[in-house]
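Shown next as structure tokens: one chain only, the form predicted alone.
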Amino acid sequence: MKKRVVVIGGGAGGAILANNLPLEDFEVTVVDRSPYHYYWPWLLYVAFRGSRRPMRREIESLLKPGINFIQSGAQSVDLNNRKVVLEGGKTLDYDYLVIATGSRPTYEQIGGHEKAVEKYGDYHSTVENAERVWKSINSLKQGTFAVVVGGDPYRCPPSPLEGVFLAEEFFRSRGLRDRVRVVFAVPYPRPYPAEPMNEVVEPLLKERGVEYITFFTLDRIEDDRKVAVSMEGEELKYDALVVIPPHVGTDVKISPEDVLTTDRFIQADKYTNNIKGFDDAFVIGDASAVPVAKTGVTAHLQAEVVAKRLQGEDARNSGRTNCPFDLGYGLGTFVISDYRNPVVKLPPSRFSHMAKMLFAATYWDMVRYPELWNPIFEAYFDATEPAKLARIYV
């Protein structure tokens, strides 16, 4: 008899997990409120390059034939009784559950944040808000353009600095660099939290004349005065402002509630992704409280581990991160680490930037055809193990 697997969320983690399960052994149902799967990293290029490249596909088109798709939000999950209740009242029973609902930006934590997003946009929420950023930078002919990290956690650790580097390149390409001041403010003691990678990016900020403010914990935005105010009492004056919004976890009601953190991320074993206290339920990707980067690559790797565990293998996560990092001017790097090794000090290169673009170009095929791409990824991740790279880049 086939094992019933319910996957809540049809994003990177959920879709890849579903497509990795053999349908002769599993009855797989994917549930998502939206009919679409979005390639969220492309919001960066909508915001700072004005890209109009389509960044969504129908979830059903990305799932293998035979996988059931239900377009509905999940209202509640009862882990003790193995039940999922959908928004319309329908109940799904399962043998195994995988929660892959991602994370979502919140604007309530910072005074004035919601109004600032409506005016200047951001590139961590919607296409419309990313388009607002593009409009904001095109309208700015002089003054200060500021990017401020509003709090942890947020999707894609390199993304705040990617926006800074692409904004600086944009203003320089328009001949406005001597009239537009680019400022980056963070609550950390350095521009990038992990010191090895900071040793790569901080010299680039100085070289390109980007100002940065550390220990700036954003408290509120007073747009009538055009200032962002920190909890430390510092004021940052701006003419256009983009705030990286802090993110929160799932909006699905889950019982027992003690599996959730205060900001609604789901506690799980960092090696197996089993939800705390349950051997028949998992959480992958941004929805989890596991201490790894909230990126699509992380969700992808966790999905593969869970798929193998459901098939009886003793697969375990290494904590591998592999975040592509656009440094502007055709340069890039990767944020690579795992549970045993700190971030590698990987220098800027054109190859890394091309690798990021190649990944974006092939993303949909990677999701839809894991049987073709898994061997390629395995070879890549083996060749770029942090321990191996650390012996080269010191």
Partner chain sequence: MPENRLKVDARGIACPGPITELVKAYRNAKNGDIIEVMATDPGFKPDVEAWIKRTGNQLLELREEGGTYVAVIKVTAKK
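Predicted model only: the values in this text are computed from it and were never measured. Positions refer to the first chain, counted from 1.
Heads up, the form predicted in complex with the partner chain isn't pictured, but that's what we're talking about next.
Contact with the partner chain in the predicted bound form, defined as a heavy atom within 4.5 Å, is made by none of 42, 45 and 137. Interface residue remark: residue 150 is counted as part of the site for the partner chain in the predicted bound form, having a heavy atom within 4.5 Å. Residue 233 belongs to the set of residues with a heavy atom inside 4.5 Å of the partner chain in the predicted bound form.
In the predicted bound form, residue 312 stays away from the partner chain, with no heavy atom inside 4.5 Å. The partner chain in the predicted bound form comes within 4.5 Å of no heavy atom belonging to residue 105. When you look in the predicted bound form, the only residue of 335, 62, 28, 327 with a non-hydrogen atom within 4.5 Å of the partner chain is 335. Taking 293, 79, 305, 240 one by one, only a single residue has any non-hydrogen atom within 4.5 Å of the partner chain in the predicted bound form, and it is 293. Figure note: of the listed segments 273-281, 188-196, 119-127, 164-172, the one touching the partner chain in the predicted bound form, with heavy atoms no more than 4.5 Å away, is 188-196. In the predicted bound form, the partner chain lies within 4.5 angstroms of at least one heavy atom of each of the following residues of 108-141: 109, 110, in sequence order.
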